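Here's a solo chain for you in structure tokens, the form predicted alone.
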């Protein structure tokens, strides 16, 4: 499909997304800022560089950093981040506690009183019930130094592995997918691959709305090379899908069959790469039993295009067409996000995407790579890399691996046996155990679980029962209803720290302005909390975030996440550096695992590609059969409900909801209904429609659109007045423990 740039960007969401690209700074008064301070956008995992304009000690403007990967461009959200969000009327600037228990009002107190209130309660819980009764629940929005510090405090200081966070809800399946396919987490490619790709395989990602700057980069690639092909696999006809050469809608929850069907066609039509597979891959099945390539071929031979059509609803000829486009392209990049990860078989879906690259050799070359897109600005660098989840330790280590525990104990200079050998509670288990009274106190940082957890009716009682200490910037966060103590956090450019985005790029947000009111940097809050709760001061000898970064980069030198060369001084001078980066002269790595590009692959290695995270040095092709979703539509609940983002609101709207231009675009949640379904149900645009699942029911205004295929309805989750997650079940992927937000069965009917 030869298209002009104007045609490519047709569609309201895409147009809105790109309307702010290249614009001058917004929010500046006459005369302009006195200085510009470098940072990273506070929103999605794209990790766009920004410059914050400062005048009179206040942040008055923001513009894109021309030296970062976004080349000075920002989406609408990023371009309106300053000053509306920073100086919102409901900014929290003083500590608060509930002196009379959960039913009392939050009252302003001094920092000393708030810290004393929280630390006494945590100490009492540990004394009475042990360290397993306390937890830390973090965020992919927290700074790297904050996550590393909290992880160290809990696992080495308090001896509790109950460290988890909201990346469990969005990226855990991508983590497990990379680990099981390649031996280590994080992708091998970068955004540079977008500029070289000749085929884009986008599945489970509404890139135009969730990652608009990357969508623009795809658009520019298409414009520069009209022969580039774009495949979008999505049950919704989003604005991303509307510009594709091939949009493939399919029955929700059948992506495993579809991906296996593509592999079938690739082998049937001899589009595979035998020499690549023979040199660089092994084959496994089940829980990791060895298999042969012939077994894998026989396995996918059952997924004929005709059988795939029966399972997925995708015409057999389309299965063949997209398999050929994928395999025959000079360089294919796969991009995916929550539509793949937030599934009860999300890890398997990740594995099958990796399989397609491995059997075709579409990997380890410019433009040829599987690149999982990240949802939050620091889920990669701040949580995945620092090991701030219940089963992880820093830099790819595992809690249940004694050697890994000993390595961290030695590095942290604590006695062997300090780190508990059993992993802590993952998110869903954590809140289950809070409800059961086994976890009695939790420190929540930079996230809003009372809105983002699945099956909210089941888990909000956990927040009512446990003692909740919370860092927060804004009063409208839903979780504040359950907080016993609130620490006002310095927001974004009021503090300093590192974000690590999708492409392994670490970039520094420098402090542009002082914290508002009595708010404090969270590093200081965590250090004061740790000292008050009894953590050995020798374990936390830091004065600031830079001290923590120095320790973290030194630790990285000991393994395959080596970014020792990314010093604080380099981060201040440069707009992000991609790891591995072993010394201060190294420019950063674009092609991981590739000899001559990745500094961790020996220059004399006999193979061009060396998957050094794997014991065999090879990547794994997995046999993963199709399995249905946990709760498919049925006769009683005949529709599928899915959820996600919209372009002008982000997560729970505690930031974007404060920007008038964004809020006007999407003031409230709605339900998308296909015109065919609306006609059958006598529903018109704007009618109040009831969605009823096995857990709850809720009314939404109808938006009649062909975005959803018949039988599918969509609701965004940003609206705290319409907590759509009350409707969803809490089934999780067996390996990653990530919930299945994308599919649940529902009834749909017009409100009487």
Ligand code: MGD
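Residue numbers count along the first chain shown, from 1. All values derive from a computational prediction rather than experimental measurement.
One more form of this protein, predicted together with the ligand, exists but is not displayed; see below.
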Margin query: Give me the residue from 516, 371, 527, 203 that has a heavy atom within 4.5 Å of the ligand in the predicted complex.
Written below: 203
Item checked: Candidate from 490, 469, 323, 507 lying within 4.5 Å of the ligand in the predicted complex - any heavy atom -> 490
Checklist line | residue 209: touches the ligand in the predicted complex, heavy atom cutoff 4.5 angstroms | finding: yes
Next item on the list: Evaluate residue 364 for contact with the ligand in the predicted complex, applying a 4.5 angstroms cut-off between non-hydrogen atoms, and reply yes or no.
Entry: no
Check: Taking the shortest heavy atom distance, is residue 645 within 4.5 Å of the ligand in the predicted complex?
Finding: yes
Note to self: Although the partner isn't part of this model, could you tell me whether residue 482 comes within 4.5 Å of the ligand in the predicted complex, counting any heavy atom of the residue?
What the structure shows: no
Checklist line | Every residue of 178, 383 and 613 near the ligand in the predicted complex, heavy atom within 4.5 Å | finding: no
Next item on the list: Work out which of the listed stretches, 269 to 277, 557 to 565, 371 to 379, 103 to 111, brings a heavy atom within 4.5 angstroms of the ligand in the predicted complex.
Entry: 371 to 379
Next item on the list: Let me know which residues along 351 to 366 have a heavy atom within 4.5 Å of the ligand in the predicted complex, or say none if there are none.
Entry: none
